[in-house]
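As structure tokens, one chain now follows by itself in the form predicted alone.
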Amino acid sequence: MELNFAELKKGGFMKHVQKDYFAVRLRVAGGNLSLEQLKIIQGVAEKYGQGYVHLTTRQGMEIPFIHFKDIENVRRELIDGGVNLGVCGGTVRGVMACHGTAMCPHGLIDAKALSREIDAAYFAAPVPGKFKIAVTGCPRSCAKPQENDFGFEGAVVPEFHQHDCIGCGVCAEVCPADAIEMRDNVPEIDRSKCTNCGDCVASCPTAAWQAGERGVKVWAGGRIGRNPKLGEVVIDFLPVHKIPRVIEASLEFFREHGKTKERFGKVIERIGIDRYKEVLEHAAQGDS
């Protein structure tokens, strides 16, 4: 039997150094798998692998040591059990995410829910090279959006209600951007400095600072590998409902200008960050 390694890799089966063996990559959105899915994975690993799984650096999972003669059985049993296979090559990969507001007290957005929505809409979409997305709930960046081709960082616009303020100054003390100053015992915020991190909201003892519109800071162009580079902030604040617009615009930009196997950040560098930002600005300014 002649093996088409390129097609197998595209379908989630990656060749081992050991002859005729593969690791099957599983689709994991936002790092979550149900207990039912884990039981299926356990059964396949015991039956066709060596009784263990590998956790990847991007919240994924792989079952190593699948012999080529078992590939079709493995594929069928996983899919029938509700476990979808991952992808490789020039595609949108699985989405990383932290817990966000689902569990974390620092969360500004529900990163898990957003990652599932993005995964459902864009997983395995074809592009010139690998395209990795991460969603993190706050500026602590647990899901590392700066290291991914595209990343979203939770943000919130703070709103001040003076009648509830006692002039304690805690908000000015905790503001990491020095955007808040106390004047006559009243905090004043410089919106041009504010990073929408929400620390003033979280620290205010009287709820004088409250969460306004929630959205994301958008990062683009990050990568690790042989030529690592952190991404850049391309949108300081984007309402959550506009996220699909900038993803679609970015994927189209990638398809139009990218070369085969080229990383997205390299495309941005070659075409120009200003030109890319114009594309995003146009996409974000569409109808509300």
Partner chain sequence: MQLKETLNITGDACPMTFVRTKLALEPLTRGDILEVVLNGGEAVKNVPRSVRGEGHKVLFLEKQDDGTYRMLVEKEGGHE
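Model, not experiment: these values are computed from the prediction. Positions refer to the first chain, counted from 1.
Keep in mind that the form predicted together with the partner chain is not shown, yet the notes after this line are about it.
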{"item": "In the predicted complex, segment of 68-76, 86-94, 165-173, 112-120 with a heavy atom within 4.5 Å of the partner chain", "value": "165-173"}
{"item": "V186: touches the partner chain in the predicted complex, heavy atom cutoff 4.5 angstroms", "value": "no"}
{"item": "The partner chain contact in the predicted complex: A207, any heavy atom under 4.5 Å", "value": "yes"}
{"item": "Heavy atom of C142 within 4.5 Å of the partner chain in the predicted complex", "value": "no"}
{"item": "Any non-hydrogen atom of D199 within 4.5 angstroms of the partner chain in the predicted complex", "value": "yes"}
